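Quick setup: one chain, the form predicted alone, written in structure tokens, and binding and motion questions come after.
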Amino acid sequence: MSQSKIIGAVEIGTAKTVVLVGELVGDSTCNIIGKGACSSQGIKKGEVHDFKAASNCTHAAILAAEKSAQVTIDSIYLAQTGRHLKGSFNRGMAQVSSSHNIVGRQDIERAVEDAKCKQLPVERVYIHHIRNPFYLDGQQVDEPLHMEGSRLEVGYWSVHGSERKLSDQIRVINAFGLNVEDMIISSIAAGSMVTEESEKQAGVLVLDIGCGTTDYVVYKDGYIVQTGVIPVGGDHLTNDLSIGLRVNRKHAEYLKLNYGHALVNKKARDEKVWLIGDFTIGDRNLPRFAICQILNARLEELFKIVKKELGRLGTRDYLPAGVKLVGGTSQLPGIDLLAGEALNLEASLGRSPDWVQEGLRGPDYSTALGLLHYALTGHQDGDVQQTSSKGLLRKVARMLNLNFS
């Protein structure tokens, strides 16, 4: 009989911490058997700012997930976000050493090592090295081994982060007595669930618009070619409403969720909405037009930042499959239409595959589902190959005497 392993997929978000429990059976099956969630505390823009508060809410979500599944989790796959995450594209090269110009394994290893050898400042560590295509004498090849050529090149999109900020989240998990098996950046986890292989081949952008940050990943020719984190999210929309309408944040969040729209409808200039709706002291009506204006302005600013970061990668020619929107803020009505207009791309709301049970197909679970996907596949996502972050986990564990698998 196949041995099973119980995995917890944990996303510690700015607004909510989500945990899914998966039972890995053999090398090909992951059964989702439980879930838990808790409002986040002590987290800002995806980073730990109050260790005790962040630990309490994360541990509550894990307990709820274990109770739901009626099992004990063996180890954790942990999502990573935050403005401290950065990425760069590094290319490596090796001259084919064989006298017959036949590529050998050592040639491949030398090219790969050359691409990964860029040193980081002391306080920074690599999370992922994500391989892009090989080129042999300038021609793209999927597998160069035993092919004939003289110059072998390979590129890696390398993601690195603050050692301290990464270790903070590992310590949150360790404080519950669990091991961190591996870490995946949020955009890649979400992207693996809401895109099809044909879209990754053609070229597609995934935008994960959360509460504190917007994470993105760009796929082309089946490879991840760029990722990034923009420190703007749903919290900024709420804050803008609070300031612009002179209401507290609780009421601003209520207005955003119940009356917000990403587009401004000039025909609705005279429409009014009630701040509270019970006609008590302090209740008043507000123009819905103003609510939508404020949300529209902030979202247009966000999409301009995205477009600037993408540069030449953000065109219709490069991304014919368009942009997929996930994350809690993607539920704002009209946001897909605004994104398509602002980015000049076909835009749609991301949705997990049909095999995912209905209650988990929403944008809130895309990242956690992606973590389970990587737990099952071992970082093999079609033609996308990326190195594990185990080296980082060992380094942090030695430094802080933490546990890791």
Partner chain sequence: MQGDNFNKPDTMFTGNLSGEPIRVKIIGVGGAGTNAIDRLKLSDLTEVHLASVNTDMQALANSLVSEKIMIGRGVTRGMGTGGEIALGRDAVEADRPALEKLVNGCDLVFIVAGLGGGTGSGAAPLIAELAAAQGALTIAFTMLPFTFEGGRRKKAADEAMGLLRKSCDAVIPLPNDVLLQTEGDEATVLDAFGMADDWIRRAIQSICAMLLKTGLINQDFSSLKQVFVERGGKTVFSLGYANGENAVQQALDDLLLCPLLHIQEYSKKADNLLVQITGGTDLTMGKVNQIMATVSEKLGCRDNIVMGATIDESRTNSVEIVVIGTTVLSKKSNYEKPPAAAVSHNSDEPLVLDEPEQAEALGKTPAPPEDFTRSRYEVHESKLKKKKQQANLFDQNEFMFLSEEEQRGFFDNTERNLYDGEDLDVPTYLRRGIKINLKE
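Model, not experiment: these values are computed from the prediction. Positions refer to the first chain, counted from 1.
If you look for the form predicted in complex with the partner chain, you will not find it shown, but the lines that follow are about it.
Among the residues N101, Q95, Q106, N248, the one placing a heavy atom within 4.5 Å of the partner chain in the model of the complex is N248. Proximity to the partner chain in the model of the complex, defined as a heavy atom within 4.5 Å, holds among R171, K116, R124, R316 only for R171. Heavy atoms of M147 never reach within 4.5 Å of the partner chain in the model of the complex, leaving it off the interface. Though the partner is left out of this view, R110 does not reach within 4.5 Å of the partner chain in the model of the complex, counting heavy atoms only. At the 4.5 Å threshold, heavy atoms of D240 reach the partner chain in the model of the complex. A residue is said to contact a partner when one of its heavy atoms sits within 4.5 Å of a partner heavy atom; E197 fails this definition for the partner chain in the model of the complex, lying far away. Contact annotation: the partner chain lies within 4.5 Å of heavy atoms from the stretch 43-51 in the model of the complex, the single such stretch among 63-71, 333-341, 360-368, 43-51. No residue of the trio G26, H129 and D182 has any heavy atom within 4.5 Å of the partner chain in the model of the complex.
Contacts of stretch 167-206 with the partner chain in the model of the complex, defined by any heavy atom lying within 4.5 Å, are made by S167, R171, A175, listed in sequence order.
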